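The chain that follows stands alone, in the form predicted alone, written as structure tokens.
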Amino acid sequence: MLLIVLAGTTILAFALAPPAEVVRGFFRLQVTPARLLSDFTSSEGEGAALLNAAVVAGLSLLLVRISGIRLSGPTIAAVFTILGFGLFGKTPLNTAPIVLGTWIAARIAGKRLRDYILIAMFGTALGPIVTLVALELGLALALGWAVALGGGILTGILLPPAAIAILRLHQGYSLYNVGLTTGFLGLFAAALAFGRQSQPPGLAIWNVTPSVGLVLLIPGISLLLIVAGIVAGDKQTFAGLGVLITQPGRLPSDFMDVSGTSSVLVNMGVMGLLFWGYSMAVGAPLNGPVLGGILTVMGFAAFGKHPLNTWPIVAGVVVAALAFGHELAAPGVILAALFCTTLAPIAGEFGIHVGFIAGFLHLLIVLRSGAWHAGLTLYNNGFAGGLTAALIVAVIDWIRSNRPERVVSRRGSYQDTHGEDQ
């Protein structure tokens, strides 16, 4: 199914522009600045962006294959996320040093790459560091690329220890754990890069006139997934969906293990249609970043997200936007409405009201956090979502620890109540 999706994306790429133009645009994207917000469908054309997305996602799928890891909820989430971000920020060239660095980190720790494969795949969000050093700091061409590749490898080495430590902050209540990690590392990268010069503003490349092909991409993939899931699972598909939508979604929640592949495919398709419909309803252009957000939601529909645990978060973002006078179709707001679903486990476990508060706070944080790391991590919403989750979980744990008669034990929390000594 993943191969069909990638092949279809490639075919669409060459249907939207002449093949020579698509290929030239693809190679130009490899040496294009990729900091937030850089919409590849605008900078080098929709065909080139789609080809880039298919290639970088295909390489990630190949990496999963050669690592000997089975396709599961987490790996599907990673491939779909990389496919989406291949439309606005990730390229084979700027992600390769990150993966290489993570492999080196695995060797240092006496492990195999497969042990850090998810960190490597999601950690490619820091690819803009590579293009920043190579293209935007004014270094000579050869020196710039040498330093850029070295910096990318070092970033990959730092990812595993940082990701493992940061998971404890939000206790699995933000699905984009590596998003918080990359934001943390992005702060240091920005400090180093701009220590002797002023920090430039983020890029603002945003396609406002996407073609019909881009507009119909999500419905096409979604319907394919839904039909495949129903055909493959028959009646068991809907029974599995009934189980799936009762899950809180807290990390790690592999929905393929919980309810089976066919139910996951339908959930992915339904989530794609729902968030595509929302984007259309508020008048957002179906450009690279918006499509990237929807594809990420679809990927994590195999690993923590479903309609019931995501809508309260989105509702919080919508109300916050209206309360503070922001347009729902504005770039920062529409992306927040899509990527805020990283906080789905909070609504899934603590309820609608807490989920709504999480979404409300998320928008306020994410509209500011991009400037902190200068757009050097593509997962700005993952960064803001991790910070929001850490605050909410800390408050809830504090309340529960001081009102033991009302504590509901949660495995993995700092205040587990399985015994008086704890």
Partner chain sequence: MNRREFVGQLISEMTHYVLDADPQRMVISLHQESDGLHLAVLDSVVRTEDELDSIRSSLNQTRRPELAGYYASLAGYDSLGSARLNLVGWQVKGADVSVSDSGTKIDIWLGGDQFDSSSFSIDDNEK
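These numbers come from a predicted model, not from an experiment. Positions refer to the first chain, counted from 1.
Another form exists, predicted in complex with its partner chain; not displayed. Remarks below refer to it.
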Report whether the minimum heavy atom distance between Q199 and its partner chain in the model of the complex is within 4.5 Å. no
Do F80 and its partner chain share at least one heavy atom pair within 4.5 Å in the model of the complex? no
In the model of the complex, does K235 come within 4.5 Å of its partner chain, counting heavy atoms only? no
4.5 Å heavy atom contact, S72 to its partner chain in the model of the complex: yes
Identify whether its partner chain in the model of the complex is within 4.5 Å of every residue in the set Q171, L251 and D257, based on non-hydrogen atoms. yes
Please name which of the stretches 173 to 181, 205 to 213, 306 to 314, 85 to 93 has residues with heavy atoms lying within 4.5 Å of its partner chain in the model of the complex. 173 to 181
Which of V99, A163, A106, A134 has a heavy atom within 4.5 Å of its partner chain in the model of the complex? A163
Its partner chain: the contacting residue among L36, V393, A48, L387 in the model of the complex [heavy atom, 4.5 Å]: V393
Even though the chain is shown alone, can you say which residues of 83 to 121 have a heavy atom within 4.5 Å of its partner chain in the model of the complex? R114, D115, Y116, I117, L118, I119
